[in-house]
Ligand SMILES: Cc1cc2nc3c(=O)[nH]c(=O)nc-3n(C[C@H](O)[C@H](O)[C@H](O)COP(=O)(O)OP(=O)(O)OC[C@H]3O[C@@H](n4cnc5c(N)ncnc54)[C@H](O)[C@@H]3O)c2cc1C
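Only one chain is shown below, in structure tokens, and it's the form predicted on its own.
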Amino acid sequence: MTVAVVGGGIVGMATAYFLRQRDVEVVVLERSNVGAGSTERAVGGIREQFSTPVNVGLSQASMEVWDTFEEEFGVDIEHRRIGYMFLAREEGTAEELRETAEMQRDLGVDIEVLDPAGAREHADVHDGNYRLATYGRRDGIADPHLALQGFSTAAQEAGTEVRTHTAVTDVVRDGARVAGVETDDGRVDAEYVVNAAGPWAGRVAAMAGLDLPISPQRRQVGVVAPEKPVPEDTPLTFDMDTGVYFLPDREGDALVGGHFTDPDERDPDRYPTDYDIDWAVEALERAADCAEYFGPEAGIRQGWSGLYAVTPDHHPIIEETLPGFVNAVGFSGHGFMHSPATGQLVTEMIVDGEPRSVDISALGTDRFEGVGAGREEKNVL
């Protein structure tokens, strides 16, 4: 059996790796270079703190891989468990965090609900602005480039064929079933095609006759020189009500991000990959209102932007939508952290006939007709 994986980012390469562990022949088709899409622009957050059980499940299954990655792949991905801290200014937001924490505890998440003074023990936030916080000590960050290197090298050493600079131009059908793809370098026959094309996933799905509600939306990040150095053990801190987040970078610097306007939908082939000055000014103002590290003398050193492939409910689509056509798309900013679980699930669907490691029954396209997984209100990293 041959599987054609469309997309050479972290989801595609993780899928290729796990398929090869089950002796499936794999061809990865990447329109540019491996990791040249969203993966190279990811910040690298890994967290269990999600507001729906299915996303918690994807995180927990993925963490089993992240925790042993260096041992398994021989690559140090600089995985640091600095934690995530979510802050609530408004009472409604605080109540949502309380309810979500209860659900997370039931699923085995190591979560603390903190008062403002407790939040300040983890980061120098303006505690007078907040009612409540949640802190997940198992959450953290890793380097997406190093993780991609690990999956890519292991997949290729196991026999995966990777074709870069090879664009998929059509999906081939044999009656009702998908039978391969056409590329700008010829046809590739395959019993299964996996759509792992990130921001281009909607276009690939359309080649198979599918209309998926995936919107490529631009997100920006800045490297900031703060007034007060941010300790390296400071958690990734997210203000739920203003939308700004920050996390420690190198030598006391911080990464600051957030999306503060209406959806910024972009053509994935043509969008600015730098940051906008107006956005940077607003991000720094919001960061200064969140924590003491950022004040009038804080400045942005550099920055970048990338694309999230966003679905209406901020959950991915992971399913065999057509016979032989598997979608692993629409991660809404969570593709890096959930890539190990996704690769395993896609492999289970193809080899075993059904996903087994996580209950993903809520992640099919039928939910857009009214049956859903719930909604992640914030698609922070």
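Keep in mind that this is a model prediction, so the values were computed, not measured. Position 1 is the first residue in the sequence shown; the rest follow in order.
The form predicted in complex with the ligand is left out here; the points below concern that form.
Colleague: If we define contact as a non-hydrogen atom of the residue within 4.5 angstroms of the partner, is residue 334 a contact of the ligand in the predicted complex?
Modeller: Result yes; residue 334 sits at the interface with the ligand in the predicted complex.
Colleague: Whether residue 38 contacts the ligand in the predicted complex should be assessed with a 4.5 Å heavy atom distance threshold; does it?
Modeller: So residue 38 counts as contacting the ligand.
Colleague: Counting only non-hydrogen atoms and a 4.5 angstroms cut-off, does residue 10 reach the ligand in the predicted complex?
Modeller: Close contact exists here: in the predicted complex, residue 10 approaches the ligand to within 4.5 Å, heavy atoms only.
Colleague: Taking 4.5 angstroms as the cut-off for heavy atoms, does residue 207 touch the ligand in the predicted complex?
Modeller: Yes.
Colleague: I need the one stretch from 56 to 64, 22 to 30, 312 to 320, 348 to 356 whose residues put non-hydrogen atoms within 4.5 angstroms of the ligand in the predicted complex.
Modeller: Contact-bearing stretch, as computed: 22 to 30.
Colleague: Among the candidate residues 199, 136, 235, 150, which is the single one with a non-hydrogen atom no more than 4.5 Å from the ligand in the predicted complex?
Modeller: Residue within 4.5 Å of the partner: 199.
Colleague: Looking in the predicted complex, is the ligand within 4.5 Å of a heavy atom from each of 101, 246 and 288?
Modeller: Checked in the predicted complex: no contact with the ligand for any of the three.
Colleague: Using a 4.5 Å cut-off on heavy atoms, which residues of 147 to 173 contact the ligand in the predicted complex?
Modeller: If the 4.5 Å heavy-atom criterion is applied to the ligand in the predicted complex, 147 to 173 yields 166, 167, 168.
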